[in-house]
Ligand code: BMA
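Okay, here we've got a single chain as structure tokens, the form predicted on its own, with questions on binding and movement later.
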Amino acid sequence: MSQPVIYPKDKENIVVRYSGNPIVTKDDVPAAAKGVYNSGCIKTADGKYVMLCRVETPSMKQLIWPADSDNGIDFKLRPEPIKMPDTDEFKEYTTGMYYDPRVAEIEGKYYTVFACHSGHSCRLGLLESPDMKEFKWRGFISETDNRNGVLFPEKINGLYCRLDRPNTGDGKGYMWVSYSPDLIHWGQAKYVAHAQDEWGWKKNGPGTVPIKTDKGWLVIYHAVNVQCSAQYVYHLGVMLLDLEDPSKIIARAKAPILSPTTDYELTGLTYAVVFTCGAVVEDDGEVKIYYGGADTVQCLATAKLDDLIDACFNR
């Protein structure tokens, strides 16, 4: 199979892969697993890192499994995954498949948005936690065919704010923003971002929790180009959104900041994938970007926050 085309080759290397990648694999799971990938991550108020891992079992069941770390690199999975509601409604709309968690801290509480897959397609679900140890089910927060939701880390104009990527009939998957007074009922939806030519002309969707900067909301997102008429290749891009109106793009990098090139990004359960659900900004401006490789392993890359901002204007 031909190697993925990079548009253009990464000359600046603003995103650097951790030399010890992958940082979490199926062998780290305290149960049988096929892969660990597309995991959300947050640094809590006490300086600890908590990763919510997407774990895939041999029977194709998807679980969200917490893991802990003191340094953001070495993670240990807890004895058990997050326990989900044992209700008929939850079972009907998940069928044992929930995945791709993104976790944001808002006003001292932690909220996780994740995909809930079933025969009714896919919806977004919401968990709430005071400490990233106990998790409370808040409910479904979208209708059908939407699997990429992420909350902003603060209210905007008095309302909770969310980016998501409803699946569209043309396959392009445009990014949208919507608002809520209570995290359950959502509306005032506005279109944000469309597909780009060449490297990202399908499935433009939010990745990490938006990062607030003095230049705007920094959004690390995923997008896809297609090779040989059928082969999807997932890349990461970066853009800046207006602080007061996130439907407005201030600047957007024309080239990806990370593309699949290593063995662990090219070979696995899915070919040629880098896909992020979490990032942590350190006090020194380093951004830890947590991403899945080939839908199989969990990886880490780092970048400087200023470089990511500059890339929106100059890359």
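The first residue of the shown sequence is 1; numbering continues from there. If you're wondering where the values come from, they're calculated on a predicted model, not measured in any experiment.
One more form of this protein should be noted, the form predicted in complex with beta-D-mannopyranose, which is absent from this view; the next part is about it.
- Residue contact check for Phe275: one or more of its heavy atoms lie within 4.5 Å of beta-D-mannopyranose in the predicted complex.
- When beta-D-mannopyranose is considered in the predicted complex, Asp307 lies well away from it, no heavy atom lying within 4.5 Å.
- In the predicted complex, Phe135 stays away from beta-D-mannopyranose, with no heavy atom inside 4.5 Å.
- When beta-D-mannopyranose is considered in the predicted complex, Tyr234 lines it closely, a heavy atom lying within 4.5 Å.
- The candidate stretches are 39-47, 250-258, 267-275, 283-291, and the one lying within 4.5 Å of beta-D-mannopyranose in the predicted complex by heavy atoms is 267-275.
- When beta-D-mannopyranose is considered in the predicted complex, only one residue from Phe152, Phe90, Tyr99, Tyr110 comes within 4.5 Å through any heavy atom, namely Tyr99.
- Contacts between 211-226 and beta-D-mannopyranose, taken as any heavy atom within 4.5 Å in the predicted complex, involve no residue at all.
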